[in-house]
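The data below hold one chain only, encoded as structure tokens and taken in the form predicted alone.
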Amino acid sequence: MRVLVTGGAGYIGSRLVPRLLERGAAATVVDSLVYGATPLEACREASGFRLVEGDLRDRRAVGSLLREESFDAVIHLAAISNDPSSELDPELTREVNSEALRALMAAVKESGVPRFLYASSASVYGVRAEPEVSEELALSPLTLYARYKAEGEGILNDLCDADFCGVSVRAATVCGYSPRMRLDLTVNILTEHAVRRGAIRVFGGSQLRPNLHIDDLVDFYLLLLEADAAVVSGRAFNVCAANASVLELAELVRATVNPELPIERVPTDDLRSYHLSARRASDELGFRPRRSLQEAIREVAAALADGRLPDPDHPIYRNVEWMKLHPERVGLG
């Protein structure tokens, strides 16, 4: 299988690409390398690996790449990621997360690639009062990032037909270690506090968050590469291991890292909650996450302790900070 992974040098991609190669797939990564190529260093000598530095807004380059190789699937991870990053430059976010996405999906279908896996987001639901947030609910995105993710699903679904299978993945907040580490995600943030700061700081605490180990999300993408198109095409799937409040997550981190640590609660105006049901993926695809949140916490704590994250305060581990420091790399206006 020949797979094109956009954004493959990112947090999720740098865990996904090695797994593809281990399974014998050929993996071509196209990435703007805003955060560098180091996360894929271990893949460089692998058979079937290719790294292309490129910007998906360059339609000519995208078209050339699709003509050069005959892909069996595209896994689209590239985006201006999360709400705060998207708000830095709304025009850039529109160009990348909307215009480039629309052009890419059309070009992929036109080139004859039969399958497109799209990294959507659980944020497309907005804030819901329903006890079970499932795929049957209407979407109600509240932020620019979420709105473009929701629009992308509609674009993809309109392209689906007997020869083109498109699937949207609405993942929970991901956690765990990655070569392109992020310390701006809830469980990872709390773990960094526990390991390095002597206290776990929680803003609010009552907000619900759906959570997922990064390797379980990788497993789900691998499953979708081979899933029956008749079952998955034109559809979206929630992927989630556990819903918990931020305070509950902090308590779990404390119990895993050091039960003696204090938890400091700070008032916040941001009380947005998200929670997910992953029943569709379980019932229809037999997918159940296999890794606990404690495993993710232990992974991040170990990476902080053993030198894999030599300078945890470095802005490269936090998307917004890095983008502000290097606007020329991202294209910020």
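This is a predicted model, so every value here is computed, not measured. Residue numbers here begin at 1 and follow the sequence given.
Just so it is clear, the following notes concern the form predicted in complex with a small molecule, a form of the same protein that is not shown.
- At the 4.5 Å threshold, heavy atoms of Y35 reach the small molecule in the model of the complex.
- At a distance threshold of 4.5 angstroms between non-hydrogen atoms, G54 is in contact with the small molecule in the model of the complex.
- Among heavy atoms of I12, some come within 4.5 Å of the small molecule in the model of the complex.
- For the chain shown alone, K149 is a contact residue for the small molecule in the model of the complex, at least one non-hydrogen atom being within 4.5 angstroms.
- Contact with the small molecule in the model of the complex, judged by any heavy atom within 4.5 Å, is made by just one of T93, S81, Q207, N238: S81.
- This chain lacks the partner; the member of R115, R254, H193, R180 within 4.5 angstroms of the small molecule in the model of the complex by a non-hydrogen atom is R180.
- Stretch-level contact check against the small molecule in the model of the complex with heavy atoms at 4.5 Å: of 150-158, 116-124, 194-202, 229-237, the positive one is 116-124.
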